[in-house]
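Only one chain is given next, in structure tokens, and it is the form predicted alone.
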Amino acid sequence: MNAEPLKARTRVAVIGAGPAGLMLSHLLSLSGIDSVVIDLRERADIETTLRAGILEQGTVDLMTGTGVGARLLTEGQRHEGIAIRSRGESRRIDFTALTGRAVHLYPQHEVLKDLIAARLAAGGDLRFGVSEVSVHDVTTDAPSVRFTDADGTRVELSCAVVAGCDGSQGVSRTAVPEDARTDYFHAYPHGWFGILTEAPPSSDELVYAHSERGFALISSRSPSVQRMYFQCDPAEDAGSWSDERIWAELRARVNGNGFELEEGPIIQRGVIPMRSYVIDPMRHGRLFLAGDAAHTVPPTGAKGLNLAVSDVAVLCQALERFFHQGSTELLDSYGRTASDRVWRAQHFSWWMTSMLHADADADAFGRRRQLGEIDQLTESVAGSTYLAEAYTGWPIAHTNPDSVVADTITGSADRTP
């Protein structure tokens, strides 16, 4: 006979130790609201899985303003613009001159290291390597999360609120019944072939390249390791490409007029599909979805991590009002508030993708129109300003002046012209 599960209780059960879940737990802790964070992955996996990390101004402000930004400021790279290459020529979009803001290049796994360290230092309850996670009774005022702890103990975690931050394949999204939600989904006809290479940087800032052969992105991870991508068929087999074939493709799309890629040994390769998704609503009873559990975007606009942070900044403000003042007003409006930014980011990511990627079905008019769009963007102050504002990030919604995040949100908003 199965033993009774161990009974535990917290105010907020957080499913998922990614950017959304860890940042939410961190913010709640600063406001005196306890939480338990669980994740299927081991801590080592979370801290070593390499993923992109372009941090918007608001994300940087929130991290530094709440005490988890020290390494970001010393080890991250501040970027005050990007280059867009078209017809072999580079055109720079100057973020700081246009908006007064910038972004930081700081990989996601480093963000997660900082948040994990902060939660453990504060005595936070983080449980890695759990299994058999399920969500129960979220339409009541006494929901719970059940799971098997890493040591094999079955746990029933009672709570007031469940925060579903476990990504697109987690249990939180599927806990919302199909007849209670609308799924908005778009699959793009291309993917990204991504590599990590041991080489010096090719550019001080990110390079977005449009060419007749397709899109390419030149990014960085560290002074000695660089990240590069090029547009490909989403079904492409990355393992069938030799290093020389990869470099030849990147050269054909990026090099020219004095610009040459720095090359080196390729240490990682893979193909990323391009998809957009939004669930509506982002709440079901006492279950609140955030980050990739609620939405995904193609990586072209560098919005994924930043949307996760924005979601939980809004959710934290709502939970503070709920636990400290007994009001459900901000919880009731959470989905509407968060989704305003989500749909802005969906549009921006779609626009950047459609403007810079080659369309195999486009006719001569469509290809020439695309070049005209790039010219209009890069040669117009208004066009460049829109890109700079969207890329560096819109202000996080400020719904609760008594929130622990209020000052950092206000500071970020003050940089908006």
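Values in this document were obtained by computation on a predicted structure and should not be read as measured data. All residue numbers refer to positions in the sequence shown, first residue = 1.
One more form of this protein, predicted in complex with a small molecule, exists but is not displayed; see below.
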Residues in which of 224-232, 311-319, 167-175, 90-98 have heavy atoms within 4.5 Å of the small molecule in the predicted complex?
-> 224-232
Does the trio G16, V111 and G291 actually contact the small molecule in the predicted complex, every residue with a heavy atom within 4.5 Å?
-> no
Would you please decide whether G58 lies within 4.5 angstroms of the small molecule in the predicted complex, comparing each non-hydrogen atom pair?
-> no
With a 4.5 Å heavy atom cut-off, would you call W192 a contact of the small molecule in the predicted complex?
-> yes
Can G81 be called a contact residue for the small molecule in the predicted complex at 4.5 Å between heavy atoms?
-> no
Give a yes or no for L387: in the predicted complex, does one of its heavy atoms lie within 4.5 Å of a heavy atom belonging to the small molecule?
-> no
Answer key, the small molecule contact in the predicted complex at 4.5 Å (heavy atoms) among Y277, Y208, F259, F323: the residue is Y208
Using heavy atoms only and a 4.5 Å cut-off, determine which of M63, L27, V37, I54 is in contact with the small molecule in the predicted complex.
-> I54
